[in-house]
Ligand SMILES: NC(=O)c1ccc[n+]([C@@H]2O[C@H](COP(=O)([O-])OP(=O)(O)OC[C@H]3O[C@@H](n4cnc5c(N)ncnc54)[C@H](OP(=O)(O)O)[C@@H]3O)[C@@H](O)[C@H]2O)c1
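So this first bit is one chain, no partners, the form predicted alone, shown in structure tokens.
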């Protein structure tokens, strides 16, 4: 698979990464541990080198799965994990105190079966801890060899600049897709200016852009707490999927592949991290890296999406409050 460099940091990853959260955490249909490990190892064999996890996924169990699965390939892969949630739970609150960061890193290293973390993100910006203190703590961990690169997640341009002035930020991980394009306003120009890579999570709109979600979700599905996934909003937003499906059909690709190819075409320093629990979806996602969209096709996609008004917030209220503004 094609490799990409995340900004000016020197961190090189596969053009498409693997978001591991859904393996056992996202929608109530998690895989058995052995099946999750098999899927991750299959991803490596097919060229994926970039894997994203966090202590909050589970909590803790996702890192354990990733650690065991990738141990045989450790020198050939990039593992990203995160700190910043109180008691490893976003629902409890945020905690990025220096002592907490250090404790989380030590625990994550054990679960990941490694002596270094390639990319360490602050999961959410903690308003009670100066970002300069956070960046300084990660800088110390980098000097100690426990961390290689520093990242932020869902951070504002102002916060990115402050952190970057203390310890260079290698990557920002935030939601970005044809289902959520807000980063184009201020975030992407800031990243380009500072030489920071962008790692879009939910690049398929939490599965919505694949076209397989067209009715009320099952009760066990964690996406039920997201306003955009109410039965009413799913029905209203299907106009986007229908429009994209027409364009994808003309290229003989899936709507999901179109969405990923569009993201990859935005900037050469963007590396999306779609997740899946199915081998055929993994293969479908990987195939998107070979899709070439012409300037005319990209313009058509943009025009189509710009004419569609999507409805529903992307987070429930308690998570919206944790977004850095």
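Computed from a prediction, not measured in an experiment: that's the story for all the values here. Residue numbers count along the first chain shown, from 1.
Not pictured, yet referred to below: the form predicted together with the named molecule.
Although the partner is absent here, residue 204 sits close enough that one of its heavy atoms falls within 4.5 Å of the named molecule in the model of the complex.
Using a 4.5 Å cutoff between non-hydrogen atoms, residue 55 does not count as a contact of the named molecule in the model of the complex. Shown alone here, residue 16 lies farther than 4.5 Å from the named molecule in the model of the complex, counting heavy atoms only. Heavy atoms of residue 212 reach within 4.5 Å of the named molecule in the model of the complex, making it an interface residue. For the candidate spot formed by 21, 124 and 285, every residue has a non-hydrogen atom within 4.5 angstroms of the named molecule in the model of the complex. Partner proximity in the model of the complex, defined as non-hydrogen atoms within 4.5 angstroms of the named molecule, places exactly one of 40 to 48, 276 to 284, 295 to 303, 63 to 71 at the interface: 276 to 284. Scanning 97, 148, 181, 223 against the named molecule in the model of the complex with a 4.5 Å heavy atom cut-off leaves one residue, 223. Only one of 156, 245, 153, 114 lies close to the named molecule in the model of the complex, with a heavy atom inside 4.5 Å, and it is 153. Heavy atoms closer than or equal to 4.5 Å to the named molecule in the model of the complex belong, across 295 to 319, to one residue only: 315.
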